[in-house]
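To begin, one chain is listed below as structure tokens, in the form predicted alone.
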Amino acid sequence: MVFPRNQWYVAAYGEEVGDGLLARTICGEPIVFYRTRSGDAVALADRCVHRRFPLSEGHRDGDRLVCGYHGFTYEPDGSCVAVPAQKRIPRTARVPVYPVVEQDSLVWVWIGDGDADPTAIPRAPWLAADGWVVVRGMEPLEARYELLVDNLMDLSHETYLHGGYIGTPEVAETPITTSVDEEAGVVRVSRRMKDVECPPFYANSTGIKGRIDRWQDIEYQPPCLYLLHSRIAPAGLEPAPDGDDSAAFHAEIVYGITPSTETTTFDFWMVARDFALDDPEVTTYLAESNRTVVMQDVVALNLLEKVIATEPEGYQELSINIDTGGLAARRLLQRMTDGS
């Protein structure tokens, strides 16, 4: 599978794009990001039209980029305005510009040739909303992005890979329900656990003592955005008949799954919470604990990539009921890839 094109991908966190030049390869395309003096994020192809030198290795002259090899100079719209030793600018002297949108604290970039519709960008409003505190990071993954999608769609691995953090026996023991909205292109996987062990990740952050009811409701909007709506409450505490659930604790776990190359991925991870908003110790604990969990996944998926690279052609996997969400995600990704 190659990359779905004519799609929006998370390129960076808003604070990563500033006065400096940020180089990222997304879906095999080298791109340089920076912010103009007016505050707009800009994305240009990270290759000088002259001799392909990375523009990210050059420097800025106001809002212009100057190639560090021969001095070709580009405006934010990609047009070349200066070349060495002559006044005439060749008509073809320009670099591609990528549409960029900032939304919910994320910088999204459009990869493809079709019309870049900003309204098609999926939302994660908790990342920039009042009443929520967010911790986040990004880990480079030496593995194809499909492996990260598989990993996140089947959370039964928490029991075995993330024990002592977010995994408990009940995660692997509890069946899931899976649904696919074919028109919207969304895969949903739900696991509702009642009267179960509270993992340290939530016991130490919420202060709950004893057993809990735990909901894991996944919403994957391929190719890039993954949402895990997590509800944690003392065992037996249900939402009120009017829908009020303020007595429970909620965490919105968000992933931006962005392919870099065919075998590398940018793993953007975020945890937004609606509890302990003014407690810096909880913030530090969740940031450190979640990064530990992410790194456990990184190690496992990097290993899987090496295994796949050496296995014989036509190797057949075995799938079971817990894989229904992942298999649905694969199908939608393949459909998007075939149609792009």
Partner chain sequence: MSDALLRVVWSPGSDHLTGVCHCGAEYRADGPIEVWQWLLAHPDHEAGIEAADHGASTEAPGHGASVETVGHGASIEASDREASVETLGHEASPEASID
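Numbering follows the first chain given and starts at 1. Quick caveat: nothing in here was measured; it's all calculated off a predicted structure.
The next section is about a form of this same protein that is not shown, the form predicted in complex with its partner chain.
**Q** Would you point out which of 127 to 135, 226 to 234, 168 to 176, 196 to 204 contains residues with a non-hydrogen atom within 4.5 Å of its partner chain in the model of the complex?
**A** Single hit among the candidates: 168 to 176.
**Q** Is its partner chain in the model of the complex close enough to 15, 107 and 119 that every residue in that trio has a heavy atom within 4.5 angstroms of it?
**A** No, because 15, 107 and 119 lack any heavy atom that approaches its partner chain to within 4.5 Å in the model of the complex.
**Q** State yes or no: in the model of the complex, is some non-hydrogen atom of residue 83 no more than 4.5 angstroms from a non-hydrogen atom of its partner chain?
**A** Answer no; every heavy atom of residue 83 is more than 4.5 Å from its partner chain in the model of the complex.
**Q** Is residue 183 close to its partner chain in the model of the complex, meaning a heavy atom pair under 4.5 Å apart or at it?
**A** Heavy-atom contact with its partner chain at 4.5 Å: present for residue 183.
**Q** For residue 327, is any heavy atom within 4.5 Å of its partner chain in the model of the complex, or not?
**A** Taking the distances in the model of the complex, the answer for residue 327 is yes, it comes within 4.5 Å of its partner chain.
**Q** Verify the contact flag for residue 322: yes if a non-hydrogen atom of it lies within 4.5 Å of a non-hydrogen atom of its partner chain in the model of the complex, no if not.
**A** Residue 322: contacts its partner chain in the model of the complex.
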